[in-house]
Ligand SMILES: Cc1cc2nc3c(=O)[nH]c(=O)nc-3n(C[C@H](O)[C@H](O)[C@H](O)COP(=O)(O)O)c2cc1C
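We begin with a single chain expressed as structure tokens, specifically the form predicted alone.
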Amino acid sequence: MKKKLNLFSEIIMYLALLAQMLYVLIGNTVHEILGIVFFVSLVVHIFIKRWWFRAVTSGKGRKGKAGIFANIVIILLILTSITLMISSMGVSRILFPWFKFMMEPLFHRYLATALLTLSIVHGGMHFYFKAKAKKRAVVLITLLAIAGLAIGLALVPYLNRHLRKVEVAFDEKVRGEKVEMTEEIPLVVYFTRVGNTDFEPDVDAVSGASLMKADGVLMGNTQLMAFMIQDAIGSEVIPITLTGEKYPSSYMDTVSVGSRELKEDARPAIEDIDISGHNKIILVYPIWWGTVPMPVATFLEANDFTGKTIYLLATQGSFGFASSTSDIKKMAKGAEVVEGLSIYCDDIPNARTEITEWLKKIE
């Protein structure tokens, strides 16, 4: 009975973990429920295998290099599982919205990738100890571990960028609490691909590619956030708009162009933006290759920011502001640059409350 229950818990864990990594296909609610299923199955599995702890601590565990390696993998699995459980609560939107620790989604994905890879190696070691052809077993385990890494580091981001379609109701996401500014209302300047890209009429709105559809209209992530700010404080909103060649419709082609512009330190031509009547500017921009898109650099270097304050609101698919803050300080001569919010791409449609609370701090 124990063997059957153990086998069942292992199968459930592997299936739940793999299904969770297909977040874009199953959605957030199912993802969080499967997380609970995974950790319950893990607890059952550890309880059944509790003899392992006694064997290791008493020196009766597997011997030799392979045995030591297998034990190390198990220890890493346990530590990674505990960390992932905490991280899961941190990024939860439904089951644990009150938990405010380890709230970084990308770190969560890396932990899940590590857990999947370690689980594959752990399962493979059972096969290794029984296999007669040890070298073949090592090769097979290695290939499967590489596949696990590829799923988490390559396949999942690819699916997020090419399959996730976001459609929102504009009023529901943008309208909300008002913030009264006691002094000057900041000017909002934003950069997005929409308006700077020659999209096909039937282009899909893919969140990972900085796009969504609001009431059926194609809109950029930063554009939506700029409208959130406008609704909250009644600010003027101005887009950074290219006057020359636009970016390609393909997301990957845009990534390549952005990389080339960064290497060449290019300054694409943009429409003039008059900031002379404003002492406070909220700059809304995506992180491209660890910094601002080069059209944003053009805007920053084309204007006199002496005595002005720039508040930063960035969108990203990795961590924080990257090097954009220090780069902006170099480009916007004379400005006081203040880091505001760095919002993960998946969280943008639901960022209105967070943005409102931030605006209250800068009035």
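For clarity, every value in this text was computed on a predicted model and none was experimentally measured. Heads up: residue numbers just count along the shown sequence, starting at 1.
The form predicted together with the named molecule is left out here; the points below concern that form.
- The named molecule in the model of the complex is approached by Thr192, whose closest heavy atom lies within 4.5 angstroms of it.
- For the chain shown alone, Met21 is not a contact residue for the named molecule in the model of the complex, no non-hydrogen atom being within 4.5 angstroms.
- Although the partner is absent here, Gly148 sits far enough away that none of its heavy atoms falls within 4.5 Å of the named molecule in the model of the complex.
- The closest heavy atom approach of Thr254 to the named molecule in the model of the complex falls within 4.5 Å.
- A heavy atom within 4.5 Å of the named molecule in the model of the complex is found for one listed residue only; from Phe96, Phe129, Trp289, Tyr158, this is Trp289.
- From the list 62-70, 309-317, 296-304, 324-332, the contact stretch for the named molecule in the model of the complex under a 4.5 Å heavy atom rule is 309-317.
- Interface residues of 219-247, taken as those with a heavy atom within 4.5 Å of the named molecule in the model of the complex (partner not displayed): Gly220, Asn221, Thr222, in sequence order.
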